[in-house]
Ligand code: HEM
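As structure tokens, one chain now follows by itself in the form predicted alone.
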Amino acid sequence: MRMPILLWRRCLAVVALLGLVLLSGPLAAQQPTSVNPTAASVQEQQLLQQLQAVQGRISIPDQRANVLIQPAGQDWRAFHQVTLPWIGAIAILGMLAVLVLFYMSRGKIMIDSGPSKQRIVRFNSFERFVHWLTAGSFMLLALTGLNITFGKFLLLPVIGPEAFTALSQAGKYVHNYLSFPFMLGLVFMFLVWVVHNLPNAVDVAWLKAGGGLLKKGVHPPAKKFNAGQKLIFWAVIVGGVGLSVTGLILLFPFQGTSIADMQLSQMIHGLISLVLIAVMIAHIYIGSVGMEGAFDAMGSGEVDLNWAKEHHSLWVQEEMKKTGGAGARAQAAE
């Protein structure tokens, strides 16, 4: 009796095994030839569309550090690494190209009537201090800021990672601490010169004549500051205020601001900086190699009387009235 039962069990086992073999063929055909382990996983872009940020769990007190990925951060990185360098290159190199072409076509702007033997006080000691306080700190801020934008492209391959790291760290401290003298200079500059930089009808005539910069012998009248200098003044004041506000937000992070606020501030800070650097390049050119006698105004504070009459004739008349015609003094023999 046992033999037939045992035999039947073995027969059933064989039939079951054959069935599995026969079924394995169609099932195997339905399986994919290659396996993609991420095919059903959530893609990063889909995740960011659903969430404001990808966050984790942390044990440190600052809970803001638990943000791993945020869409605004990716936009900021693209702007900082690609867009901003392109804007800076176009603004700065474009300004340099314009100045080179201007110098080749116009040459150095000379005193048409020639230097005289008389000089007139253009700026006193305090005015020159205010100018160099603001200008000096701005130049160092500009250099250290340009290193942030262009350093890894231009300096890093040349001086190597160790030197570049040391230079960038030193530049960070220079940038942080010299921001305060720059802001102080802005305040002084506004208080001292704002009354002389208000626009008037004389500025319109100066602009129509191209400031006398394009043609020799053309000298439109101007007061202490001409229209071009007024544009520089307001660019420095408005741009400087923008740099100061955004810079303070970055200097003191999370003081009533979010990371999105700081990212936006850094973008605005970088844009204003590059535009202002381009403007200052033009200002430095005119105040040095571009015009004869111009540097004396912020050098010794005294300018040649003929230079003053050609470029600031109305201001010379006002000074002569104040001093009864004794506003100029004879230049010491050299």
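Just count from 1 along the sequence shown to find any residue number. Note that the structure is a prediction, hence the values are computed from the model and not measured.
This next part talks about the form predicted together with the ligand, which is not shown.
Engineer: With the ligand left out here, work out from 124-132, 187-195, 242-250, 203-211 which stretch has heavy atoms within 4.5 Å of it in the predicted complex.
Structural biologist: Stretch 242-250 is the one.
Engineer: Would all three of 222, 297 and 317 be in contact with the ligand in the predicted complex, where contact means some heavy atom lies within 4.5 Å?
Structural biologist: Per the other structure, none of 222, 297 and 317 touch the ligand.
Engineer: By the heavy atom within 4.5 Å rule, which residue out of 264, 155, 232, 84 makes contact with the ligand in the predicted complex?
Structural biologist: None of the others qualify; the residue that does is 84.
Engineer: So in the predicted complex, does residue 118 come within 4.5 Å of the ligand, heavy atom to heavy atom?
Structural biologist: Result no; residue 118 lies far from the ligand in the predicted complex.
Engineer: Is residue 146 part of the interface with the ligand in the predicted complex - any heavy atom within 4.5 Å?
Structural biologist: Within the cut-off, so yes.
Engineer: Does residue 91 reach the ligand in the predicted complex if we count a contact as any heavy atom within 4.5 Å?
Structural biologist: Contact with the ligand, no.
Engineer: I'd like to check something about residue 283: if you look in the predicted complex, is any of its heavy atoms closer than or equal to 4.5 Å to a heavy atom of the ligand?
Structural biologist: Output for residue 283 is no: heavy atoms all beyond 4.5 Å of the ligand.
Engineer: Hey, which residues along 173-188 are within 4.5 angstroms of the ligand in the predicted complex, non-hydrogen atoms only?
Structural biologist: Read in sequence order, the residues that approach the ligand (within 4.5 Å, in the predicted complex) are 175, 176, 179, 182, 183.
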